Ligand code: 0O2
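Shown next as structure tokens: one chain only, the form predicted on its own.
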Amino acid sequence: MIIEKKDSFRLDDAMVPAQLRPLMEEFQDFVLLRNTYHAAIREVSTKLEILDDEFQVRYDYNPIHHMECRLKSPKSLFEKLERKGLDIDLDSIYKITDMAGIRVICNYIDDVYAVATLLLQQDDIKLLRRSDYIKEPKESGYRSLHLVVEIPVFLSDKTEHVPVEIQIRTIAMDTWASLEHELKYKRAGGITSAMEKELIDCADAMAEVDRRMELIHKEL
């Protein structure tokens, strides 16, 4: 699991010129906010790890193959605020629901829904949005189950309710999504319509592999 290292910052008024103190305080608030989102990632990822461990004990099986965690970088965050036409301030950041993200890679499609169901049954998890791109894939061929949940983070002086985006998908779905992103967005000049059609065909083929592998798993 990859979790971005926490930021650390200490504000020392004696070392900051008076005219810069408002800016430094705003910067500290931003760092504290990122720390809160980082804590939310840890809370949700721990819940998922516990569920996976319980499955191992009860059924000698792990539904989660692996997880990847990420905290949106300041550059990526500011670019998204600009695209949405939002002000660059803390109030606007709270409107971004994918600041904190966890990608959960499961072995089979049934595992995707089992993990989602068990996580959402927990009392302190509140579902804000659910998008099922497995049952209804995107036009590009993309498949994944997206959940935006709200999790309480208990700080020293208050409790913050923080949104976390969770993408749950199979190994095959993740392989396709990673390669599609590399081909479509990392290449100068983009790709042709014929290539896009080929990618959709690949997504359909991998979905059929998912289905067949799950049937074998059930038979065993």
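All residue numbers refer to positions in the sequence shown, first residue = 1. Worth saying up front: this structure is predicted, and the values here are computed from it rather than measured.
This next part talks about the form predicted together with the named molecule, which is not shown.
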**Complete contact of R70, Y133 and W176 with the named molecule in the predicted bound form (any heavy atom, 4.5 Å)** = yes
**Prompt:** Of the listed stretches (105-113, 142-150, 120-128, 85-93), which one has a non-hydrogen atom within 4.5 Å of the named molecule in the predicted bound form?
**Reply:** 142-150
**Request:** Just give me the single entry in H66, H181, H161, R42 that has a non-hydrogen atom within 4.5 angstroms of the named molecule in the predicted bound form.
**Result:** H181
**Asked** Can any non-hydrogen atom of N35 be found within 4.5 angstroms of the named molecule in the predicted bound form?
**Response** no
**Message:** Given that the named molecule is not shown alongside this chain, does E79 nevertheless sit within 4.5 Å of it in the predicted bound form, heavy atom to heavy atom?
**Reply:** no
**Asked** Does at least one non-hydrogen atom of E165 fall within 4.5 angstroms of the named molecule in the predicted bound form?
**Response** yes
